[in-house]
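Two forms of the same protein chain are encoded below as structure tokens; each is given separately, as structure 1 and structure 2.
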Structure 1
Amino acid sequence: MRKIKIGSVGLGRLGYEHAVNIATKISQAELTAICDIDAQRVNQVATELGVPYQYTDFEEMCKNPELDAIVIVSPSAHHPAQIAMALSYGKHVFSDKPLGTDVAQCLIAEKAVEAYPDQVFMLGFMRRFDPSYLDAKARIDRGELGRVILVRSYTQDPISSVESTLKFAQWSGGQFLDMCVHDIDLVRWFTKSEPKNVWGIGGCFEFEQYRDWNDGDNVAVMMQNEDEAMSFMFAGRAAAHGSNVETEIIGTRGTLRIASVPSINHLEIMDSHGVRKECFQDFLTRWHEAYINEIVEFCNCIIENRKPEVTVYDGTAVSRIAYRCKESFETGKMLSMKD
């Protein structure tokens, strides 16, 4: 069995998760190199996972001729340049979302990808690889829902980790860029059409500091698509019950709900609080399988010499929409995607 030799950059929470998955859970892959600006962290993880090559310089890693592919889990601002560089050294590239921190940056990434048409480029919209989301997509594509009328999608961080959320929030790009991009991707995926008009609103309901960052602690967007399909997105930073990502697709023939109760497992508890299910408190646990599946798909694309369903253009389109939502939120105006 051919194994894809991967160099991975970024060893934050998600970067480490990807490193562990590649090293131990994905039979199509080998974690051959890791890179981070923190040399000590690189050494620690390399030792733990038995990784042969260690880097603190990304370009040096790209030069390693043993590597087939680069996985980018660095801070968002580095994505476009690292994508371009890795491609230029002949590597296949997987990059975590977002494609870039603004549309101009996305276009840089687009050009790089276009310049290396024989190399695989894949963007990490992991929700598309969650079994429940995949099942929903298959049902919609088989026509079980009839015509899609409305997509509703929520992304809420749990209150249980609000301290770390607050620390990170101001560097996140704001809720529209950091959270809603996933929901925007789902809306486009499920409806197969593009938004025409967007209106973003929100407020600071508990954490006034978001005002200083031109953001809200809770925000919402409604979008009207070219073909009349509608969508509603909600993002919040402190859901009482847990890490809540749920999506509903209403069609003319039926409705699907994905994870409207984000229960951790098959346990139902009956006690003085009633009958209850406990919920995910952590996005890494919620998306554990999806994070593995997306890298498996990336490797399979390389092995089978085919391209992933998610393209670089999806990355740009989502960023463009998210920025328009943010602009709508900031100006208080409903905005056309055309202007």
Structure 2
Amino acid sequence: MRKIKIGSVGLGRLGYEHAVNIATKISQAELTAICDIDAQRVNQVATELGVPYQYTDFEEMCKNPELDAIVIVSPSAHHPAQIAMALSYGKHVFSDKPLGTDVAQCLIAEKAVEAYPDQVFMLGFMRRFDPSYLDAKARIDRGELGRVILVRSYTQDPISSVESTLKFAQWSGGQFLDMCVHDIDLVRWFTKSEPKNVWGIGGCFEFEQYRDWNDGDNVAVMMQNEDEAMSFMFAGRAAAHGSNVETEIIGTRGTLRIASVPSINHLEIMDSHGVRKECFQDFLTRWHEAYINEIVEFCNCIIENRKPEVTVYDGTAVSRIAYRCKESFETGKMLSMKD
């Protein structure tokens, strides 16, 4: 089997997860190069994973003629420029979400992808590759739920990891872009309909510093689509029990619930505290299989010369919606997507 030689940029929590997966879990891929501004970190990971090429300069990595593809897991603000650069050097590109930190950046990425139609570009909406969400989507498409009435989605990060989150909060684009993009993407994916009206609300319930960035540590949005389907999304930074992502899809003929209790397995513990289940403690553990599956799909698209289902336009659409939600949150008004 042909192996896709990949260079990966960014060695933070998710960047390291992808690097390990590419190097050890994905038979179609070979981790050939890694890049990060921290040279010591690059050397450490390269030694651990046996990566032959090390870079602190992204363009130098893109120039490497051995590489077939680039995986971008750098800070969000760098994504559009790095997408454009990697494509210009003839590489296929996988980029983590979001596509950019504002709509103008997303449009830059769109133009870059359009300029290289023979290369594969894929955006990392990993929930689409989680087995439970794939099952739910298939059931919806088969008509088992009838017409979708409501999608309810909660995305909560554990309070135990908030310090690392706070370091990047002011450059993240805000909760609606940084956290709700996955929920917004699911609504569009499940309903095949675009939003008509959005109403964003929220506040600072635990971490007042979010006010300095016109943001909240816990926010929510109500949305109604063009087909009248409704959705409610909640994003929070202070979950005491761990990483919690749950989704409910209510239809005219049935209801689907995914991870209504965020259990790491089926084990029940009975002791002096009562009966309980342990929860995922971080997003990497919850989405480990999905992160592998999305890179497998990226590699297969290159090998089979086909385009992924997730496109650059999905990234722009979700970012546009997220920013409209943020505007609604800041103004306190329900806003139309058409204004």
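We call the rigid core the largest set of C-alpha positions that still match within 1.5 Å between the two forms. All residue numbers here follow the sequence of structure 1, with the first residue given the number 1. Since the structure is predicted, the reported quantities are computational estimates derived from the model, not experimental observations.
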Original post:
Between the two chains shown, which is the form predicted alone?
Top reply: 2
**OP:** Would you say whether Pro65 is displaced between the two structures, judging by a C-alpha shift of 2 Å or more on the superposed rigid core?
**Re:** no
Original post:
Taking the rigid core as reference, does the Cα of Ser172 move 2 Å or more between the two structures?
Top reply: yes
Original post:
When you overlay the rigid core, is the Cα of Glu304 off by 2 Å or more between the two structures?
Top reply: no
Original post:
Once the two forms are fitted on their rigid core, how many angstrom does the CA of His273 move between the two structures?
Top reply: 3.4
